[in-house]
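Only one chain comes next, encoded as structure tokens, the form predicted on its own.
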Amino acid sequence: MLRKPILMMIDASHFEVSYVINPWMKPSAWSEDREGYFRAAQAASAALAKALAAAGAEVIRSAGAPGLPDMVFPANAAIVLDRRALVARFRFAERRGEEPLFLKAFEGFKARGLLDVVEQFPQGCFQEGAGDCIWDATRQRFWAGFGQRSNREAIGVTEEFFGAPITPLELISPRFYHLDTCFLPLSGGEVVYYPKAFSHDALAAIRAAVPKDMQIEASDEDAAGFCVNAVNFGRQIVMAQPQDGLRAKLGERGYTVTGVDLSPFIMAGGGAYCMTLRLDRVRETAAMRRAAS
């Protein structure tokens, strides 16, 4: 029997759009209907948790904190693999208050037996968690974004901590400031990506590692709708409301796509992947491969 994926989410009680650290954020728009957007955000968070559970995941909800609205995006909290967590260092001061709270949360997961090791990136080494370091189970490697929020130097720290290979990918658009906004490895080996977000060298690295028939290029509409920022396990994909074309492409490859209205969180520059962090991801061992064959 397959174990349920374990996903962390943060309660959205303190969510709002109150500052600008990416081009999607419009505090003035939020302020036009604070109560309405707040209610919509609570409903959207609950709908996402329900969709993930219906798709087969276990969702662990943790508390947020006043004055830290972006805590609802725990994908940026840490990189987690093989029961080891490496906690983020945020580039912008607006998010640095999250660091001690996430450290405490991960120490709590360690006490519960979900993790064995919890450490943090060194001071001044900016790296924003699984949002900029995505595990590719097919290729048994990380893809690491840099150039907008995370330092390239953080890649070496990550590689040493996890002992796993990493492919660096330079991000060139402020609109796609984390790798998870424009890059999605799927369980079947396909990769959904938005070419305009990447440097020439990054595109070359993706196209060299991923066979042509496994590349799915996202459209401008897919990317703007945060549909690439999706959660995948098995043949299930949960994302912000998808375009018909992307839904069809994924359906043809055997995936079941569940769309959720995440528009209040897109106003802050985040979608389904941003709002979750997988805690139970492990690399595949030779024994696991033999058992699956």
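In case it trips you up, residue 1 is the first one in the sequence shown, and so on. Every value quoted in this text rests on a predicted model; they were computed, and no experiment measured them.
The protein also exists as the form predicted together with a small molecule; that form is not presented, and the subsequent description refers to it.
Just one listed stretch, out of 210-218, 157-165, 174-182, 108-116, contacts the small molecule in the model of the complex at the 4.5 Å heavy atom level, and that stretch is 174-182. In the model of the complex, at least one heavy atom of Cys274 sits within 4.5 Å of a heavy atom of the small molecule. Contact check for Phe73: a heavy atom falls within 4.5 Å of the small molecule in the model of the complex. Taking non-hydrogen atoms only, Ser18 never approaches the small molecule to within 4.5 angstroms in the model of the complex.
Although the partner is absent here, Ala268 is a contact residue: one of its heavy atoms lies within 4.5 angstroms of the small molecule in the model of the complex.
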